[in-house]
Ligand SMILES: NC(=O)c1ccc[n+]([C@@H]2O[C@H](COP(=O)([O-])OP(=O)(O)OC[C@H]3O[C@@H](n4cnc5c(N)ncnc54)[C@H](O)[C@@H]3O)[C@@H](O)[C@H]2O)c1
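A single chain, nothing else alongside it, follows as C-alpha coordinates in the form predicted alone.
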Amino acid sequence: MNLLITGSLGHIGSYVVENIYKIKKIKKTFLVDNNESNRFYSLFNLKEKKNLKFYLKDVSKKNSLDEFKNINYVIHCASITDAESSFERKDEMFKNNIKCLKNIIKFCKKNKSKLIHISSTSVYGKQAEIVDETCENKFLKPQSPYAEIKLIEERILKKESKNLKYITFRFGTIAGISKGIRFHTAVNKFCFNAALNRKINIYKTALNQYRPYLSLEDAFRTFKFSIENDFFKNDIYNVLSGNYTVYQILQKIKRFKKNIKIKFVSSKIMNQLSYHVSNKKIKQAGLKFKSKLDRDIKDTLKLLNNKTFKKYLIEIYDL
(Lines give C-alpha, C1' and ligand atoms only; values in the text may rest on other atoms or scores of the structure.)
Protein backbone atom coordinates (compact mmCIF):
# COMPACT_ATOMS: atom_id res chain seq x y z
CA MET A 1 0.00 0.00 0.00
CA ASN A 2 1.17 3.54 -0.81
CA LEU A 3 0.67 6.63 1.35
CA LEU A 4 0.81 10.34 0.53
CA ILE A 5 1.41 12.83 3.37
CA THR A 6 0.84 16.53 2.73
CA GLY A 7 2.43 19.05 5.08
CA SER A 8 5.04 16.38 5.80
CA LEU A 9 7.62 18.78 7.28
CA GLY A 10 5.29 20.26 9.90
CA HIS A 11 4.72 19.51 13.56
CA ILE A 12 2.30 16.61 13.05
CA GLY A 13 3.50 15.59 9.59
CA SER A 14 7.15 15.20 10.58
CA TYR A 15 6.22 12.98 13.54
CA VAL A 16 4.15 10.75 11.27
CA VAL A 17 6.99 10.55 8.72
CA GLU A 18 9.52 9.60 11.41
CA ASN A 19 7.27 6.78 12.65
CA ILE A 20 5.66 5.61 9.43
CA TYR A 21 7.75 2.43 9.37
CA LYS A 22 5.61 1.24 12.29
CA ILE A 23 2.62 0.86 9.96
CA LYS A 24 3.54 -2.44 8.28
CA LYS A 25 0.76 -2.10 5.76
CA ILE A 26 2.53 0.89 4.13
CA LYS A 27 5.28 0.00 1.64
CA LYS A 28 5.98 3.39 0.06
CA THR A 29 5.37 6.89 1.41
CA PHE A 30 5.38 10.06 -0.68
CA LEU A 31 6.02 13.28 1.21
CA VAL A 32 4.75 16.66 0.02
CA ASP A 33 5.41 20.11 1.49
CA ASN A 34 5.91 23.64 0.12
CA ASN A 35 8.61 24.23 2.79
CA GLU A 36 7.23 27.71 3.49
CA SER A 37 8.39 27.27 7.07
CA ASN A 38 11.94 26.24 6.05
CA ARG A 39 11.89 22.94 7.89
CA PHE A 40 13.93 20.69 5.60
CA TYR A 41 15.64 19.40 8.75
CA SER A 42 12.49 17.34 9.31
CA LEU A 43 13.84 14.99 6.63
CA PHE A 44 17.21 14.36 8.25
CA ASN A 45 18.16 10.91 9.65
CA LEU A 46 14.87 9.20 8.86
CA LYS A 47 14.46 5.44 9.19
CA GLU A 48 13.44 3.36 6.17
CA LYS A 49 14.73 6.02 3.79
CA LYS A 50 14.39 3.74 0.78
CA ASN A 51 10.60 3.81 1.19
CA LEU A 52 10.33 7.60 1.52
CA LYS A 53 10.43 10.16 -1.26
CA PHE A 54 10.05 13.91 -0.80
CA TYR A 55 8.49 16.36 -3.28
CA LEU A 56 8.62 20.14 -2.98
CA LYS A 57 5.07 21.10 -3.94
CA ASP A 58 2.34 23.54 -2.96
CA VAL A 59 -0.91 21.59 -2.56
CA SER A 60 -2.95 24.79 -2.95
CA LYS A 61 -1.87 24.93 -6.61
CA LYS A 62 -4.10 23.30 -9.19
CA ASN A 63 -2.80 19.97 -10.55
CA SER A 64 0.08 19.96 -8.06
CA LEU A 65 -0.50 16.26 -7.34
CA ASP A 66 -1.04 15.02 -10.88
CA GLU A 67 2.19 13.01 -11.04
CA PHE A 68 1.22 10.75 -8.13
CA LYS A 69 -0.36 7.42 -9.05
CA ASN A 70 -1.50 4.35 -7.15
CA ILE A 71 -1.92 6.16 -3.84
CA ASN A 72 -4.08 4.18 -1.42
CA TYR A 73 -4.17 6.63 1.48
CA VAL A 74 -3.69 10.36 2.01
CA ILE A 75 -2.98 12.00 5.36
CA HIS A 76 -3.73 15.68 4.82
CA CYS A 77 -1.69 17.91 7.16
CA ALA A 78 -1.01 20.79 4.75
CA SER A 79 -2.61 23.99 6.04
CA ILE A 80 -1.86 27.29 7.68
CA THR A 81 -2.46 26.87 11.41
CA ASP A 82 -2.17 28.99 14.60
CA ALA A 83 -5.59 30.04 15.84
CA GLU A 84 -4.51 33.29 17.50
CA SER A 85 -2.70 34.72 14.48
CA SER A 86 -5.54 33.62 12.19
CA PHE A 87 -7.40 36.87 12.94
CA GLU A 88 -4.72 38.81 11.06
CA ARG A 89 -4.39 36.17 8.30
CA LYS A 90 -8.05 35.21 7.87
CA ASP A 91 -8.32 35.80 4.10
CA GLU A 92 -4.97 34.18 3.39
CA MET A 93 -5.75 31.21 5.62
CA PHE A 94 -9.21 30.74 4.16
CA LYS A 95 -7.97 30.86 0.57
CA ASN A 96 -5.02 28.53 1.18
CA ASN A 97 -6.63 25.91 3.41
CA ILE A 98 -9.84 25.53 1.40
CA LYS A 99 -7.91 25.33 -1.88
CA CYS A 100 -5.65 22.66 -0.41
CA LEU A 101 -8.58 20.56 0.72
CA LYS A 102 -10.47 20.87 -2.57
CA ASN A 103 -7.38 19.81 -4.50
CA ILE A 104 -6.90 16.85 -2.18
CA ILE A 105 -10.54 15.83 -2.59
CA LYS A 106 -10.23 16.02 -6.36
CA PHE A 107 -7.08 13.89 -6.23
CA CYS A 108 -8.63 11.28 -3.92
CA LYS A 109 -11.76 10.95 -6.03
CA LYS A 110 -9.75 10.56 -9.22
CA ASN A 111 -7.39 7.97 -7.74
CA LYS A 112 -9.84 6.30 -5.35
CA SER A 113 -7.55 7.18 -2.46
CA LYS A 114 -8.87 7.13 1.10
CA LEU A 115 -8.47 10.39 2.99
CA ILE A 116 -7.57 11.15 6.60
CA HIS A 117 -8.65 14.72 7.30
CA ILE A 118 -7.59 16.65 10.41
CA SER A 119 -10.10 19.02 11.97
CA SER A 120 -10.05 20.56 15.44
CA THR A 121 -11.96 20.33 18.71
CA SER A 122 -11.83 24.15 18.70
CA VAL A 123 -15.00 24.06 16.54
CA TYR A 124 -16.95 23.56 19.80
CA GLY A 125 -18.33 26.59 21.55
CA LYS A 126 -21.09 25.17 23.72
CA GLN A 127 -20.68 25.64 27.46
CA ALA A 128 -21.62 22.29 28.90
CA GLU A 129 -20.31 19.57 31.14
CA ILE A 130 -19.17 17.63 28.08
CA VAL A 131 -19.46 17.92 24.29
CA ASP A 132 -19.24 15.21 21.66
CA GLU A 133 -19.74 14.67 17.94
CA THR A 134 -23.54 14.81 18.31
CA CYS A 135 -23.32 18.47 19.36
CA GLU A 136 -26.05 20.42 17.51
CA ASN A 137 -24.87 22.72 14.73
CA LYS A 138 -26.20 25.76 16.56
CA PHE A 139 -23.73 25.04 19.35
CA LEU A 140 -20.75 24.73 17.02
CA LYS A 141 -19.37 28.22 17.52
CA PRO A 142 -15.72 28.47 16.44
CA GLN A 143 -13.89 31.24 18.28
CA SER A 144 -11.21 31.85 15.63
CA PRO A 145 -11.00 32.00 11.81
CA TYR A 146 -8.85 28.85 11.95
CA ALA A 147 -11.66 26.94 13.68
CA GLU A 148 -14.26 28.44 11.32
CA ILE A 149 -12.32 27.08 8.35
CA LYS A 150 -12.12 23.63 9.93
CA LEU A 151 -15.90 23.56 10.23
CA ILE A 152 -16.26 24.59 6.59
CA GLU A 153 -13.84 21.81 5.59
CA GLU A 154 -15.97 19.26 7.45
CA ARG A 155 -19.07 20.40 5.58
CA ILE A 156 -17.30 20.27 2.22
CA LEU A 157 -16.28 16.67 2.90
CA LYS A 158 -19.80 15.72 3.94
CA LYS A 159 -21.08 16.86 0.55
CA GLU A 160 -18.55 14.58 -1.14
CA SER A 161 -19.56 11.47 0.83
CA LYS A 162 -21.02 9.61 -2.13
CA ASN A 163 -17.80 9.72 -4.14
CA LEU A 164 -15.12 9.68 -1.46
CA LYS A 165 -13.99 7.47 1.43
CA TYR A 166 -12.67 9.60 4.27
CA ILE A 167 -12.45 10.06 8.00
CA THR A 168 -12.32 13.36 9.91
CA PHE A 169 -10.51 13.49 13.23
CA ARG A 170 -11.16 16.51 15.43
CA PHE A 171 -7.79 16.79 17.16
CA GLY A 172 -7.28 18.38 20.55
CA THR A 173 -4.47 20.94 20.92
CA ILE A 174 -1.24 19.16 20.01
CA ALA A 175 1.50 18.61 22.58
CA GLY A 176 4.83 16.84 22.26
CA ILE A 177 8.05 17.04 20.27
CA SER A 178 8.82 16.29 16.65
CA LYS A 179 11.45 17.39 14.15
CA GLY A 180 9.03 19.99 12.84
CA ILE A 181 7.92 21.14 16.29
CA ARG A 182 6.17 24.49 16.62
CA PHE A 183 5.62 26.60 19.71
CA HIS A 184 2.36 28.43 19.04
CA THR A 185 0.11 25.85 20.73
CA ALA A 186 -0.55 26.16 24.46
CA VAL A 187 1.57 23.41 26.05
CA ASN A 188 4.58 23.85 23.78
CA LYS A 189 4.45 27.64 24.08
CA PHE A 190 4.25 27.46 27.87
CA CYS A 191 7.21 25.06 27.97
CA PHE A 192 9.21 27.29 25.61
CA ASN A 193 8.80 30.35 27.83
CA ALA A 194 9.36 28.38 31.03
CA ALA A 195 12.63 26.92 29.71
CA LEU A 196 13.92 30.42 28.88
CA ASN A 197 12.72 31.87 32.18
CA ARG A 198 10.35 34.14 30.28
CA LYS A 199 6.85 35.03 31.47
CA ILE A 200 4.14 32.62 30.41
CA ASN A 201 1.27 34.63 28.94
CA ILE A 202 -2.12 33.40 30.09
CA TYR A 203 -5.45 34.70 28.80
CA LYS A 204 -7.23 36.45 31.69
CA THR A 205 -10.34 34.30 31.48
CA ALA A 206 -8.61 31.02 30.66
CA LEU A 207 -6.89 29.88 33.87
CA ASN A 208 -9.65 27.52 34.97
CA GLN A 209 -11.16 26.74 31.58
CA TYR A 210 -10.99 23.16 30.36
CA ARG A 211 -9.64 22.37 26.91
CA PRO A 212 -8.83 19.10 25.10
CA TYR A 213 -5.18 18.21 24.43
CA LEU A 214 -3.63 15.54 22.24
CA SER A 215 -0.19 13.98 22.46
CA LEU A 216 1.63 13.50 19.15
CA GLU A 217 2.01 9.84 20.10
CA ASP A 218 -1.75 9.45 20.28
CA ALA A 219 -2.17 11.43 17.04
CA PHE A 220 0.09 8.95 15.24
CA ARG A 221 -1.66 6.06 16.97
CA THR A 222 -4.91 7.38 15.45
CA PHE A 223 -3.49 7.42 11.90
CA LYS A 224 -2.10 3.92 12.38
CA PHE A 225 -5.44 2.67 13.67
CA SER A 226 -7.33 4.17 10.73
CA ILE A 227 -5.04 2.67 8.07
CA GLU A 228 -4.51 -0.76 9.64
CA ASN A 229 -8.24 -1.22 10.29
CA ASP A 230 -9.41 0.43 7.05
CA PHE A 231 -11.34 2.82 9.28
CA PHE A 232 -12.87 5.33 6.85
CA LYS A 233 -16.45 5.84 7.95
CA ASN A 234 -17.18 9.20 6.26
CA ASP A 235 -17.76 10.47 9.76
CA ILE A 236 -16.28 12.71 12.47
CA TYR A 237 -14.44 11.54 15.58
CA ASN A 238 -12.99 13.50 18.49
CA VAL A 239 -9.38 12.57 19.26
CA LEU A 240 -7.75 13.72 22.49
CA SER A 241 -5.48 12.41 25.23
CA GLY A 242 -7.28 14.35 27.97
CA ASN A 243 -9.07 17.52 29.10
CA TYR A 244 -7.13 19.95 31.30
CA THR A 245 -7.34 23.51 32.58
CA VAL A 246 -4.50 25.96 32.03
CA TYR A 247 -3.90 25.86 35.78
CA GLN A 248 -3.49 22.07 35.65
CA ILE A 249 -1.01 22.36 32.79
CA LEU A 250 1.01 24.96 34.68
CA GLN A 251 1.12 22.62 37.68
CA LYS A 252 2.45 19.85 35.45
CA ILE A 253 5.16 22.18 34.15
CA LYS A 254 6.09 23.09 37.74
CA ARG A 255 6.90 19.44 38.42
CA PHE A 256 9.89 19.78 36.09
CA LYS A 257 10.51 23.55 36.22
CA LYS A 258 9.70 24.83 39.68
CA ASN A 259 10.09 28.58 39.23
CA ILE A 260 7.84 29.83 36.44
CA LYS A 261 6.54 33.35 35.89
CA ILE A 262 2.96 34.11 34.83
CA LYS A 263 1.53 37.17 33.08
CA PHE A 264 -2.19 37.60 32.44
CA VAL A 265 -3.00 39.09 29.04
CA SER A 266 -5.95 39.86 26.78
CA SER A 267 -6.61 38.13 23.46
CA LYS A 268 -9.25 38.05 20.75
CA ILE A 269 -9.94 34.41 21.57
CA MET A 270 -9.80 34.65 25.36
CA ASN A 271 -13.60 34.57 25.74
CA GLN A 272 -13.90 30.96 24.64
CA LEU A 273 -16.11 28.94 26.94
CA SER A 274 -14.92 26.10 29.15
CA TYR A 275 -15.82 22.62 27.98
CA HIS A 276 -14.81 18.98 28.18
CA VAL A 277 -14.63 17.04 24.93
CA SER A 278 -15.56 13.36 24.86
CA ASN A 279 -13.48 10.81 22.93
CA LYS A 280 -15.84 7.96 23.79
CA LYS A 281 -16.93 7.45 20.18
CA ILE A 282 -13.44 6.69 18.85
CA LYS A 283 -12.65 4.54 21.90
CA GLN A 284 -15.76 2.47 21.22
CA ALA A 285 -14.46 1.94 17.69
CA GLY A 286 -11.38 0.29 19.20
CA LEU A 287 -8.71 2.99 19.48
CA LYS A 288 -6.76 3.03 22.74
CA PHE A 289 -5.02 6.17 24.00
CA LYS A 290 -1.79 5.56 25.89
CA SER A 291 0.09 8.86 26.05
CA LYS A 292 0.48 11.18 29.03
CA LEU A 293 0.65 14.97 28.83
CA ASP A 294 3.14 14.93 31.71
CA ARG A 295 5.63 13.01 29.56
CA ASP A 296 5.17 15.42 26.65
CA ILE A 297 5.91 18.34 28.97
CA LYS A 298 8.96 16.61 30.43
CA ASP A 299 10.33 15.76 26.96
CA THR A 300 9.68 19.27 25.63
CA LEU A 301 11.43 20.94 28.57
CA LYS A 302 14.34 18.52 28.22
CA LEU A 303 14.65 19.42 24.54
CA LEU A 304 14.59 23.13 25.27
CA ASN A 305 17.16 22.79 28.06
CA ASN A 306 19.78 21.49 25.66
CA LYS A 307 22.73 23.82 26.35
CA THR A 308 23.63 24.53 22.71
CA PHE A 309 20.03 25.10 21.71
CA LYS A 310 19.34 27.26 24.74
CA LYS A 311 22.42 29.42 24.04
CA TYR A 312 21.19 29.91 20.48
CA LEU A 313 17.72 30.97 21.70
CA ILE A 314 19.16 33.34 24.27
CA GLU A 315 21.20 35.03 21.56
CA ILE A 316 18.13 35.40 19.35
CA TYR A 317 15.92 36.81 22.11
CA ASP A 318 18.69 38.79 23.80
CA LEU A 319 17.91 37.20 27.18
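One rule holds for the numbers: they count along the sequence shown, beginning at 1. These figures come from a predicted structure and were not determined experimentally.
Below, we refer to the form predicted in complex with this ligand, which is not included among the displayed structures.
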Original post:
Within 4.5 Å of this ligand in the predicted complex, heavy atoms considered, which of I12, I20, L304, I297?
Top reply: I12
Original post:
Considering this ligand in the predicted complex, which of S274, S60, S278, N51 comes within 4.5 Å of it through any heavy atom?
Top reply: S60
**OP:** Please name which of the stretches 51-59, 287-295, 257-265, 23-31 has residues with heavy atoms lying within 4.5 Å of this ligand in the predicted complex.
**Re:** 51-59
Original post:
Using 4.5 Å between non-hydrogen atoms, is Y146 touching this ligand in the predicted complex?
Top reply: yes
Original post:
Is the gap between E67 and this ligand in the predicted complex 4.5 Å or less for some heavy atom pair?
Top reply: no
Original post:
Can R182 be called a contact residue for this ligand in the predicted complex at 4.5 Å between heavy atoms?
Top reply: yes
Original post:
Is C100 a contact residue for this ligand in the predicted complex, using a 4.5 Å heavy atom cut-off?
Top reply: yes
